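Shown below, as structure tokens, is a lone chain in the form predicted alone; questions about how it binds or moves come after it.
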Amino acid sequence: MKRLIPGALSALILAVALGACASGSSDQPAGDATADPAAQPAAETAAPASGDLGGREIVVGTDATYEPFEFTDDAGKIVGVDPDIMTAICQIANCKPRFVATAWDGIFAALKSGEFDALMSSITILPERETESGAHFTVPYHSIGQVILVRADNSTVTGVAALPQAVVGVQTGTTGDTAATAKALVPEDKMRRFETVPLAIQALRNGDIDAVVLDSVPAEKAAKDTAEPRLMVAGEPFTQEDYGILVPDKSPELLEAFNAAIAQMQDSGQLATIVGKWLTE
């Protein structure tokens, strides 16, 4: 900055003083709406609203073999409860979801390596999954329980008490797998692990196993299928679990936006409506 020489400084002080007097004698009230717009302070640019993701694309990893939550339709598109919920979340949070199919085995490592922006794949909220993927779960968006799916013509497996005598199928690495083996509920030599739930259900239809332990909603969907042999759910759910979306620790703004949207959809009943739609189709 340049310095003012003494004479110029005196002149400047005098000019400011005269200007102040003139301002004080004005008949225009302070803050009058007719004041010169150029003299008003410039308006600050509004910051993006909290929870607004600015229209960004969100790449979502999912194991698309879990009807009705996520599966591939005849056109090759990933559809189901989770894609519909994520679409609704993004309508609120201003983002664009893009689901990418990936195998369940390795899905958490894929998120940690940066392959996806989030995981949404009927994932039960468990602390060890957060650790494995370097991520945090959102608040729950749906609650389920583990149930036993059997053939309708099976009269021996009627509930949890009968599982130790049955040959039981599960999807490897799921909470169905954990629930079936917990407290030696199913002896290891009678466990049959499959890469996907559809493979386990097909083995059940074929008579290769006596039961499948899986989440309640996909089990209910399978029980509604009219294909022969018919299937049914034996007994009541024997666990209580919550589904959440996994978001990397490096993306706290994503977690905040998703949580706010889920809360809004819970309050409005939109979450229940989406799940109900897929159960009746």
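Each residue number is its position in the shown sequence, starting from 1. Computed from a predicted structure; not experimentally measured.
Another form exists, predicted together with a small molecule; not displayed. Remarks below refer to it.
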Query - Site check 104, 123 and 215: each within 4.5 Å of the small molecule in the model of the complex by heavy atom - result: yes
Report task. Report the residue, out of 205, 193, 190, 129, that has at least one non-hydrogen atom within 4.5 angstroms of the small molecule in the model of the complex. Result -> 129
Report task. Although the small molecule is absent from this view, report whether residue 174 comes within 4.5 Å of it in the model of the complex, heavy atoms only. Result -> yes
Report summary line: Exactly one listed stretch (248 to 256, 52 to 60, 230 to 238, 66 to 74) reaches within 4.5 angstroms of the small molecule in the model of the complex by non-hydrogen atoms, and it is 66 to 74
